[in-house]
Ligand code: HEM
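The chain below stands alone, shown as structure tokens; this is the form predicted on its own.
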Amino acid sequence: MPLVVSRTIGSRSLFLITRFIVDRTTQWGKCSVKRSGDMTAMKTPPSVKTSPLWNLLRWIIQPLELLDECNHRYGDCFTISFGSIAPLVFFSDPKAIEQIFAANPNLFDSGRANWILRSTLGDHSLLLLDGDRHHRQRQLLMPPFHGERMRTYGQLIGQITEKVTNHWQVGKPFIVRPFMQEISIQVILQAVFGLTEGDRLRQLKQHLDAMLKLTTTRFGFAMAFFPILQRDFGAWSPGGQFVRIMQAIDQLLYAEIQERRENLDPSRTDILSLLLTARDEAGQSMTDLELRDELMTLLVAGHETTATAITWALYWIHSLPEVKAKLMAELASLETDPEPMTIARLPYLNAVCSETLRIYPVGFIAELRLPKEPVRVQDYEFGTDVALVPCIYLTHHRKDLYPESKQFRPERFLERSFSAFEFYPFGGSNRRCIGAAFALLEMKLALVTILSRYQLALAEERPVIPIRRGVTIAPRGGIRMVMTGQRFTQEKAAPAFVSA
């Protein structure tokens, strides 16, 4: 099925607000980058000629269409200016991606380039750190996402998926994404915090939902670029709403951290318990502030992205009968109560998930890199006044790597292997998403649970339109489906996903 991108510009009010602010704003606070050196003597890639205001508006509303047009006109490398922030240089050639990922991380300020996330995640988030601090936090965070720890979450994911989807009724259409969001947030709250009941769980979920509803709209994404829109002008203003929501979330997080510190239970396997006992090479543990910021990072980065990926996968599986038939045949070969890692290794299931993350990568660019000193990538030289951007979306749609790239075809991942510079849905190098393995496991187990329990069909035939939803690309409308029957009542029981 072809890729369909909306050509509707969207809200005129957003355009007028953007123009008003850009015309009257000379500095954008933390997003501004000091220019240094004379770039005129360097060979630089072609630049997009349209105005920075128009580029920014399209980046907010039509990012994929903007990238496709620039790639068609300028090639594998081009520069887009959005105004006072550093121009972004986009790369899609795997050779260029390899140079960037293989370079010494100390050459870049990658954390500083993520200033847009600061108001939500905090200064101590892994995504905003560089150098030794980034290495330390990454080392402390890695153990819960590898090895035996991952196996303990398999049964939890299956149980939550069954509980959430149990509300579906035969013949009654529903929108998929809200249910996938509910699965994702429950998995995070239980796997990360170990919260299964209680008033704190209810309040935390309520405030997180409110925060995500505010920040994942296109206007909410636009707010991040303009400090004036983030100002607290009262509870009625978007900035005021955001401040009050974050204050409520912080109060709950710090209360949970303090309570858990005072009552450490070594038998608990949730991520917060593991982080409370983690120590760095100097024997130091995370501070409450560091814990808060890393917990917010796990909550925000792992919620909307995973829910969107599962939603896309269900759409593709049910829009292409041959894909569904092959996947169901593979699932039928499973023994009763398969071990989660057995499911994770299923070849065609893995190919379906990979193709889902290829055609519409939920994060369509990797983390930005701000050079600390002049750097060279292929034939181009860059100073410290630009941000280098490995473009996941454009690389994943290169015709030389993925023929008929707009078509959903999982077989391409069975026919050949792709390098970490040709397929990198979770970014790369030391900035690769630390929860990638967890996200893939959740995606696969949720899909298998749903497909093994229910017979589903798309409730409408109109083409899907991808739109920006915060930092992700999601299907507009959330995908309407309908349950036509229950499989496990007629065939063998749905997998229970026993833990090893």
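From 1 onward, residues are counted along the sequence shown. Quick caveat: nothing in here was measured; it's all calculated off a predicted structure.
We do not show the form predicted together with this ligand, though everything after this point is about it.
Although the partner is absent here, Pro45 is not a contact residue: none of its heavy atoms lies within 4.5 angstroms of this ligand in the predicted bound form. When this ligand is considered in the predicted bound form, Arg431 lines it closely, a heavy atom lying within 4.5 Å. Interface membership of Phe145, defined by any non-hydrogen atom within 4.5 Å of this ligand in the predicted bound form, is confirmed. In the predicted bound form, no heavy atom of Val176 sits within 4.5 Å of this ligand. Site residues Leu127, Thr306 and Gly435 are all in contact with this ligand in the predicted bound form, judged by any heavy atom within 4.5 Å. In plain terms, the part of the chain that comes close to this ligand in the predicted bound form, with a heavy atom within 4.5 Å, is 295-303 out of 373-381, 202-210, 295-303, 241-249. Interface residue among Ala387, Ile157, Ala313, Val362 relative to this ligand in the predicted bound form, by the heavy atom within 4.5 Å criterion: Val362. Comment: this ligand is not present in this chain, but in the predicted bound form one of Arg118, Arg412, His134, Lys326 has a heavy atom within 4.5 Å of it, namely His134. Contacts with this ligand in the predicted bound form, taken as any heavy atom within 4.5 Å, map within 152-190 to Ile188 alone.
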